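Quick setup: one chain, the form predicted on its own, written in structure tokens, and binding and motion questions come after.
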């Protein structure tokens, strides 16, 4: 597939930065991944339209990412265009008890905004390193709450530049499908509730202390690797099967939380994938439970799996 023409067109027309052969290891929390043919920082909706038109017209693999916190790219990289939403998509505003954030806004900044405006209900997001759009795409959740609990409206851009808006009652299932396939989330509204800032920050401190105690937050990882089976904890099952400390190359099952695989230094995607399969095989052999993935694995030609 010859992508030179379309990529040159994107570079000429886009206002944002277009980087060639950009290492994806620099854009993921795992710190793993080879180069993308093109990495585009979209400054505004016009850039998104330009990229969508070019990749769809020429059947070029295409992926939108946030902070890359739940992704595993292959060492071969990505033979297409990776798009990340830039400054135009980072604004945060409030109207009464509703907060609207651009999809590129960090969850941490959105949470701070809510606290400063005496709006509670978003504290569950403390310590989650992703963006608003990424959190909505993956239906992010924690034991203390999830992104769906506060969703009011999701606005996205369709493949032909059309705007798609979905209100909370029509949003999808717990593992995503919050907007139609091919749509790029651009803005999200949350319904919150009045609460004093000091109470919000105390709850943030409590939840953050618990996360630091139970999760390897200071290590390179993609968060929880496996989905929790119904009424069970994947981390507990993996721990009980003796998987903590298992290693393949630079990939290691965390001693702190068994559902985290950390990049201890120089880990390759092949290391992580092999370790995933070893953990799944041991758990399945011991318990009969087949663990499904919580992270997304992206192959070099655009395929993505979060298998059962």
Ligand SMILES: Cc1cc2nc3c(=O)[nH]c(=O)nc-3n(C[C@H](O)[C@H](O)[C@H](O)COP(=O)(O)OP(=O)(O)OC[C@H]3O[C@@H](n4cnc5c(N)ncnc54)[C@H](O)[C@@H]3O)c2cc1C
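Positions refer to the first chain, counted from 1. Computed from a predicted structure; not experimentally measured.
Below, we refer to the form predicted together with the named molecule, which is not included among the displayed structures.
> For the interface check, one of 233-241, 113-121, 135-143, 190-198 should have non-hydrogen atoms within 4.5 Å of the named molecule in the predicted bound form; which one?
Flagged stretch: 135-143.
> Among 77, 223, 86, 80, which has any heavy atom within 4.5 Å of the named molecule in the predicted bound form?
After the contact test, the surviving option is 223.
> Is residue 65 part of the interface with the named molecule in the predicted bound form - any heavy atom within 4.5 Å?
Looking in the predicted bound form, residue contacts with the named molecule include residue 65, since a heavy atom lies within 4.5 Å.
> Examine residue 296 and determine whether its closest non-hydrogen atom to the named molecule in the predicted bound form is within 4.5 angstroms.
Contact with the named molecule, yes.
> Would residue 103 count as a contact of the named molecule in the predicted bound form, using a 4.5 angstroms cut-off between non-hydrogen atoms?
The answer is yes: residue 103 has a heavy atom within 4.5 Å of the named molecule.
> In the predicted bound form, does residue 211 have a heavy atom within 4.5 Å of the named molecule?
Yes, contact at 4.5 Å.
> Mind listing which residues of 122-137 have a heavy atom within 4.5 Å of the named molecule in the predicted bound form?
The stretch touches the partner through 127, 128, 129, 130, 131, 133, 134, 135, 137.
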